[in-house]
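In the block that follows, a single chain appears as structure tokens, in the form predicted on its own.
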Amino acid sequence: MTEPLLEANDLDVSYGRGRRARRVVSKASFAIAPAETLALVGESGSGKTTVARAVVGLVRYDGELVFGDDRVPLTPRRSRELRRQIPIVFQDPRSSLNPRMSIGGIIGEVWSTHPEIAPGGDRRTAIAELLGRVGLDEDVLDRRAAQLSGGQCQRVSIARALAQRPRLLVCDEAVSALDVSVQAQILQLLIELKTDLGISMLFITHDLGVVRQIADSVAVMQHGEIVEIGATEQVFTSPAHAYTRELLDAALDLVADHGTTTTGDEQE
């Protein structure tokens, strides 16, 4: 049996302190194998984004996270090397890109921070090749985020993550703000990257249609707890928990009413 790349055991996350503390994730346990995509799904407020933030080190947690052979610190104080190996792609790509920097500068900054992984040779050529891998032309190099579409910005965010040579890519609602046609392109890109590079992914989403396209396995969250987890097809065809059945029924109703599960206002 393949050893997991990431393993979470009884993950708890609370916001606030003392009597005002509010637990938003309770006893969450899951594992992600090398080159596996685990989708974490649930309604807004279910705790799935908080799990993502704990995995990448943006919030403190209780319980245990093991990455490779190492236990991850409970606090956000992590080694630079660990942060490099687990980047995150956010829902709003524009807000995560420095508006004052060129796209080439944004990606090149990764290699300035982590010179040990910087490619040899001409830096501009290396950045252009990385942009090409995510489907962007070289002329994007000298532009800024405000000059790009939402889909292009998300491709830049993915390119920046790839520049870090990650082992686990965390995607937090990474396609939900995009037009459905652009969404399909980004999903296909992520699938290809997983296949070509062997990257594992934790994919946070509320969209079950997206889950079926990209995920090998799925964990369903309700009120901060994982209520069901298993292979994607198994969960979709034989859901064991009532809440999972509700989500699937709601998704089918949405398809019947609108002919699609998601829409957006960004064009690429």
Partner chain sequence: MTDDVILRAPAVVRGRSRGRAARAAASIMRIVPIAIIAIYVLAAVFGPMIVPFDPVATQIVDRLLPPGATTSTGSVAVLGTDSTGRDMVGQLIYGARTSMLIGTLTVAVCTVVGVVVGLLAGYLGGIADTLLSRIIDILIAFPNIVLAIVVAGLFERGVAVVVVALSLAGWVSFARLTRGATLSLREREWVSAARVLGVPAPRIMLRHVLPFVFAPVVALVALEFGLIVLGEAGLSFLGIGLPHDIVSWGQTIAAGKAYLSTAWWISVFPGIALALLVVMTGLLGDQLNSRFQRGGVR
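Residue numbers count along the first chain shown, from 1. Just so you know, these numbers come straight off a predicted model, no measurement behind them.
What comes next is about the form predicted together with its partner chain, which is not displayed.
Annotation: in the predicted complex, residues Arg167, Gln185 and Gln188 none come within 4.5 Å of its partner chain through any heavy atom. Shown alone, this chain has one stretch from 105 to 113, 122 to 130, 177 to 185, 190 to 198 that lies within 4.5 Å of its partner chain in the predicted complex by heavy atoms: 105 to 113. Although the partner is absent here, Ala231 is not a contact residue: none of its heavy atoms lies within 4.5 angstroms of its partner chain in the predicted complex. Residue contact with its partner chain in the predicted complex: Pro87 places a heavy atom within 4.5 Å of it. Its partner chain is not drawn, but in the predicted complex it has no heavy atom within 4.5 Å of Val156. None of the heavy atoms of Leu74 is located within 4.5 Å of its partner chain in the predicted complex.
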